[in-house]
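Just the one chain here, laid out as structure tokens, in the form predicted on its own.
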């Protein structure tokens, strides 16, 4: 059994489909909703951690895509735009778990596996180089 985070994007035409039931019943998958955003029945975004056998996860993803639901594998919902980042270190000061750190040559490194997705770094970045995917 494996687990992976995926970001689902729902266009208006995909609203109301029994996606959750299909993933559970047909593909034998478990999932945990990590974050959700719904914009007045226009579009929606859902971050889930999905668990199951690799073949079942892949089949479930095919099902979602066949129903016009966008699927994106992600490691973290926080991204650093390297073109905007000036490596000032402001984000590292607010990251209590060390997911953001400065190297000896003053480069910023984001450790996806440590990130708690608290979004404090997004607020702390003076260059707006850090943003949330959802």
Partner chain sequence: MAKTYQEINEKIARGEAVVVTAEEVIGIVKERGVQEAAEYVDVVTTATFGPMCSSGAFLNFGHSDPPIRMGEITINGVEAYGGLAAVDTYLGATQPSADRGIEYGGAHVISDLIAGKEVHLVAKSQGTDCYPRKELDTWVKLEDLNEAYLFNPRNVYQNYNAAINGSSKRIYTYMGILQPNMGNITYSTAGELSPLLNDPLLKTIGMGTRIFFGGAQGHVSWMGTQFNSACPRDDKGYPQTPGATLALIGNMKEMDPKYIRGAVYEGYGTSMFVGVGIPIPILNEEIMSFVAVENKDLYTNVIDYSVPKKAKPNLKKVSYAELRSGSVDINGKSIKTSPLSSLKMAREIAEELNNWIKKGEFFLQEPIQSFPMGNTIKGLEIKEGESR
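Positions refer to the first chain, counted from 1. No experiment lies behind these values; they were computed from the predicted model shown.
Below, we refer to the form predicted together with its partner chain, which is not included among the displayed structures.
Looking at 69 to 77, 26 to 34, 48 to 56, 84 to 92, the stretch with residues near its partner chain in the predicted complex, meaning non-hydrogen atoms within 4.5 angstroms, turns out to be 84 to 92. Though the partner is left out of this view, residue 39 does not reach within 4.5 Å of its partner chain in the predicted complex, counting heavy atoms only.
Heavy atoms of residue 102 reach within 4.5 Å of its partner chain in the predicted complex, making it an interface residue. Not displayed here, its partner chain is kept clear of residue 115 by more than 4.5 Å at the level of heavy atoms in the predicted complex.
Although the partner is absent here, residue 127 sits close enough that one of its heavy atoms falls within 4.5 Å of its partner chain in the predicted complex. Contact residues in stretch 58 to 73 (any heavy atom within 4.5 Å of its partner chain, taken in the predicted complex) are absent; none meets the cut-off.
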